[in-house]
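Okay, so here's just one chain, in structure tokens, the form predicted alone.
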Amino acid sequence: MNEVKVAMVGFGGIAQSHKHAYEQLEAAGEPVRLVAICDVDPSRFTSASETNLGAEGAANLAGIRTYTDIEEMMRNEAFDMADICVPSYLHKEYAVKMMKAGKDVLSEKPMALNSADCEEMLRTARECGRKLMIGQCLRFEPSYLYLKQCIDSGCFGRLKNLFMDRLSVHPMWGFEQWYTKTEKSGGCILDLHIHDIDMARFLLGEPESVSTVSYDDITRWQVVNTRLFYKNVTVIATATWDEAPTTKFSAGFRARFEQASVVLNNEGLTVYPNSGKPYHPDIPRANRMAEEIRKLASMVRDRSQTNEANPPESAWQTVRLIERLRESADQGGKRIDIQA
């Protein structure tokens, strides 16, 4: 296979971020190309989009065929990979549909609304012999990869504690305002908090126990504070969909090591050593979405490749852990042991 041809399903705000990634990859000479997009709302092809990062103008779709009927797109287009960017409650349905049609799949996070649906997706991938990746894109983000390198190498000594936060207004955008319906979005805990919960697992493995407190407003689990207890470190992660409407989205971490603090905020990544001046580490510039697409497209071309960075089984385990966090939150923050 000389070039991986991709069809996108859903063209809301996150899909336009994916489209920018395809543009970057094509400009860099990568053999992957977005050839078609399907969305039930034709206005998505000509209107501006909105996410928690702000509004963005209408996308340039020159050279890309657009559809409002997925069956028509599947009849008319010869593509190798499907990029699923529909609302969360539709992830399983369309990922399974595409894999059964012989397509490899990139599906946005969360993998599904519950672990049982995740298991069905994994089973379908195995039975159909398809590649499946879930868009836990922070696993390809240079700042977080630098933090993992610091933890694994011990270059600043032992990690003592880690704070992570992800703060947003409540998303009032999206198809039929699906974010405002807990049964469709899963609330902030599954849509936003999941990034940092997945990252904690990526950095440190499975916690020994967890405790979560939350409160409800428009949706359940709208503001969430979680403690993940490991043998020698505690991770504290906070996420909210309840910031003031004029607030800008923010996300980052504060990692305290024995010999330095490593901090990511809206000003960038900074190392604060115990002695000496703070500095910005030299890390590569990369589009995390482009990097996850690059990885999956490479596996589509060479099917002997495996995905150690972001396997779908790990995305399933993250959803399972979110279910335990909900259990804790619904019991007022009860500390719950996590079985190996």
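What you are looking at is a predicted structure, and each value in this text was computed from that prediction instead of being measured. The first residue of the sequence shown is number 1, and the count goes up from there.
Omitted from view is the form predicted together with a small molecule, to which the following refers.
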4.5 angstroms heavy atom contact with the small molecule in the predicted bound form for Asp191: yes
Is Phe253 close enough to touch the small molecule in the predicted bound form, meaning at least one heavy atom pair within 4.5 Å? no
Would you check, heavy atoms only and a 4.5 Å threshold, whether Asp104 touches the small molecule in the predicted bound form? no
When the contact criterion is heavy atoms within 4.5 Å, does Glu108 count as touching the small molecule in the predicted bound form? yes
Residues Val9, Asp39 and His91 are flagged as a possible site; in the predicted bound form, is every one of them within 4.5 Å of the small molecule by some non-hydrogen atom? yes
None of Ala315, Leu34, Ala297, Met289 but one has a heavy atom within 4.5 Å of the small molecule in the predicted bound form; the exception is Met289
Sort through Met199, Met164, Val86, Val210 and report the residue having a heavy atom within 4.5 Å of the small molecule in the predicted bound form. Val86
In contact with the small molecule in the predicted bound form (heavy atoms, 4.5 Å), from 259-267, 217-225, 171-179, 144-152, is stretch 171-179
